[in-house]
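Heads up, the chain below is alone and in the form predicted on its own; it's given as structure tokens.
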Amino acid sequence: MRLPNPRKIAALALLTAAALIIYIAEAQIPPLIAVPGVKLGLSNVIVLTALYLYGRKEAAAVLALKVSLGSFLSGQPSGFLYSAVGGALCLFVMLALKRAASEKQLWAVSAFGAIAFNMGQLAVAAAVMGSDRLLWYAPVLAISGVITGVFTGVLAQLVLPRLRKALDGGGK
């Protein structure tokens, strides 16, 4: 039986805590623009970083903990389904694109992930409301996904090498 690497577990715990803190903090910030459903999604920087540092299972664990604990701790349990479906779809798209994209293209992986996240949330909203009338909003959410996704992807591109260096012991 292979024992888990304590250093990896500690790093994933720190990434999860960072994602959770960012998620909860962002939930408390009033919307920056008057377009419903649009927010930066800064905690995705951490999920994307976990994906590139460790892989799909670890990124999925960080995402699942962030969404479940974040929905509970932020006082927004009704948002769990939206975040879970959007996050899962986002991670699936980022996983698919990771194979074709280098770390210098994290901004593009993130943009497509953000679009997928928004479309997942829109699908949940349409299902909950029992109406496909909300789908007219898809272009607005796609555009916001590109903008916010590129921003968070650029942040992840800046964070990833520094975090990799720190985790490898070079940050002493």
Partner chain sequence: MKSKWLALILALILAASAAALLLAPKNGSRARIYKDGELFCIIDLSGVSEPYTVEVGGGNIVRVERGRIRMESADCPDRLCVNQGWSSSSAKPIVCLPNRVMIIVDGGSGGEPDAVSR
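Positions refer to the first chain, counted from 1. The structure presented is a predicted model; accordingly, all values stated were derived computationally and were not measured.
Here the subject shifts to the form predicted in complex with its partner chain, a form of this protein not shown in this document.
Asks: Does the 4.5 Å heavy atom contact test between residue 64 and its partner chain in the predicted bound form come out positive?
Replies: Residue-level check for residue 64: no, no contact with its partner chain.
Asks: Against its partner chain in the predicted bound form, would residue 111 count as a contact residue? Criterion: heavy atoms within 4.5 Å.
Replies: Although its partner chain is absent here, residue 111 would touch it in the predicted bound form, with heavy atoms inside 4.5 Å.
Asks: Give a yes/no on whether residue 105 approaches its partner chain to within 4.5 Å in the predicted bound form, heavy atoms considered.
Replies: Residue-level check for residue 105: yes, a contact with its partner chain.
Asks: Quick check on residue 131: any heavy atom within 4.5 Å of its partner chain in the predicted bound form?
Replies: Looking in the predicted bound form, residue contacts with its partner chain include residue 131, since a heavy atom lies within 4.5 Å.
Asks: Please tell me which of 42, 53, 69, 143 lies within 4.5 Å of its partner chain in the predicted bound form, judged by heavy atoms.
Replies: Of the candidates 42, 53, 69, 143, 143 is the one lying within 4.5 Å of its partner chain in the predicted bound form.
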